[in-house]
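What follows is one chain in structure tokens, specifically the form predicted on its own.
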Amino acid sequence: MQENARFSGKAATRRTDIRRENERLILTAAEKVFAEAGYGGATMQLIADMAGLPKANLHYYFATKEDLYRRVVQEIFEIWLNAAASFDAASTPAEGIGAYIEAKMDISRRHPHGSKVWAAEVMQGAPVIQDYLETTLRDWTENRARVIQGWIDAGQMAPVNPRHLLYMLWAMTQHYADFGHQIETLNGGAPLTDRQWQEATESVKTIILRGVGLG
């Protein structure tokens, strides 16, 4: 009886591991296909081929293309949310904004396709995720703006509009993902090296922090 229970437990764990691995394969493939083909040009078959899985497997995990697309968008946004934890944990604005820039630059390096999916969706008027922008993103932005305004009110940084500061942070850091091909072309056709990524991060930090009186 105990042996059967152990076997059943191992089988359940194995099924869970397979499910997680398949979901990760699908989401990684979907992120790339949506980034390159756009929502309209992407198909479940293309994503299945990219993931190396039967198309039926995709529909087992995600009933529709829209379900899969929204999950991809949610994944990249949750990664961005985690990056913003630096604001809440920081004791000074220089520490908080600096750490946020570092995190966002690292995300642009590690998740360029996800950033491109988000940018393309928004530039088209957010036909699929408008509700997400009006709820989750709006709440997130208002909370971060309040933190920045608190630093300003305490005389810890220059009086700038918190929203425009956030927009500038997003534009500068996400540029390295959304326009990665342009950057590579201007870099002699090669991706940025570790050293170049560090230089880019430090440059963005210096420009932003000096601009708000923290440099």
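These numbers were taken from a predicted model, which means no experiment stands behind them. Position 1 is the first residue in the sequence shown; the rest follow in order. Between two forms, the rigid core is the largest collection of C-alphas that superpose within 1.5 Å.
FYI, the form predicted together with another copy of the chain isn't displayed, but the following is about it.
The stretch from 175-183, 52-60, 23-31, 145-153 that comes within 4.5 Å of another copy of the chain in the model of the complex, counting heavy atoms only, is 175-183. Residue contact check for residue 64: none of its heavy atoms lie within 4.5 Å of another copy of the chain in the model of the complex. Although the partner is absent here, residue 133 is a contact residue: one of its heavy atoms lies within 4.5 angstroms of another copy of the chain in the model of the complex. Looking at residue 126, you'd find a heavy atom of it within 4.5 angstroms of another copy of the chain in the model of the complex. The shortest heavy atom separation between residue 71 and another copy of the chain in the model of the complex exceeds 4.5 Å.
Residues of 151-189 placing a heavy atom within 4.5 Å of another copy of the chain in the model of the complex, in sequence order: 158, 160, 161, 163, 164, 165, 167, 168, 170, 171, 172, 174, 175, 176, 178, 179, 181, 182, 183, 185, 186, 188, 189. Once the rigid core is used as the reference frame, the Cα position of residue 65 differs between the shown form and the other one by 2 Å or more.
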